[in-house]
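Quick heads-up: it's one chain on its own, the form predicted on its own, in structure tokens.
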């Protein structure tokens, strides 16, 4: 029996991760969210209604609320953050607050816990953005590249800088309190129930309305379906070889946003003349992770193709 705490459980990755963990009847899953972005929809209600799932609706930016959480946590999956590219530009202060304070308070709450086996921290490919763009670093990007912040005045860095801060804080907690960790840098995870403010759901919602507008059409990305991302995350949380390591989780197929959009239109059966616009200021033109470390330490291989993943995602958004 494993007791896992999933923060941001009403969000995209958090929900799918908590759902996967709860499918083991011997496991106890603690779901935490304050719904600043996550949804209390029917799917989340079904999840938190399972007999081995316990829900806490608390705000992790307020340290006095963390005392409500149980002591006997073995695995902490810290996914709570205010994500979404539009939020980076429109709500940068809230992005910073929601992505920095909770990690301090969680570490203080559990740093002396004898039951804690691993702190799994959800970082992001955004931490690579400046190094790749400013210094033309080699792509696919490996975990050991130097990290930098190109322009602290650009609100887009509200998210990437806060996640970079979290990585440094996790390592500091490990040095000071010997907290075992795994830092996961997610790269463009997608799938059903990912909300909006991301390229795939944004474009799906537009074409459903007959609006064929595409932003950042010449940029390239690699995408990984949510089921594969969850499997890789759980493996990283349990294996000894991934303890105190930073690991990319993402897909290996690089595709332009324009070609991605064309695939989505082909799969959906929708057609129209696309209007193409540049990407927002600060966006990187290429983003592809090296997944060699993930494959070596975890033995992970993608099982859901981009075409199949897009079909499942479009079935959710278009219906």
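Just so it is clear, the structure is predicted and the values come from calculations on it, not from any experiment. Numbering follows the first chain given and starts at 1.
Keep in mind the form predicted in complex with a small molecule is missing from the figure; the text below concerns it.
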{"property": "Contact label in the model of the complex: residue 186 to the small molecule, heavy atom within 4.5 Å", "result": "yes"}
{"property": "The small molecule contact at residue 34 in the model of the complex, heavy atom, 4.5 Å", "result": "yes"}
{"property": "Contact of residue 160 with the small molecule in the model of the complex (heavy atom, 4.5 Å)", "result": "no"}
{"property": "is_contact(residue 58, the small molecule) in the model of the complex, heavy atom dist at most 4.5 Å", "result": "yes"}
{"property": "Option touching the small molecule, based on a heavy atom within 4.5 Å in the model of the complex, out of 106, 120, 80, 247", "result": "80"}
{"property": "Candidate from 242, 130, 220, 124 lying within 4.5 Å of the small molecule in the model of the complex - any heavy atom", "result": "124"}
{"property": "Location of the small molecule contact in the model of the complex, chosen stretch of 171-179, 97-105, 112-120, 137-145 [non-hydrogen atom, 4.5 Å]", "result": "97-105"}
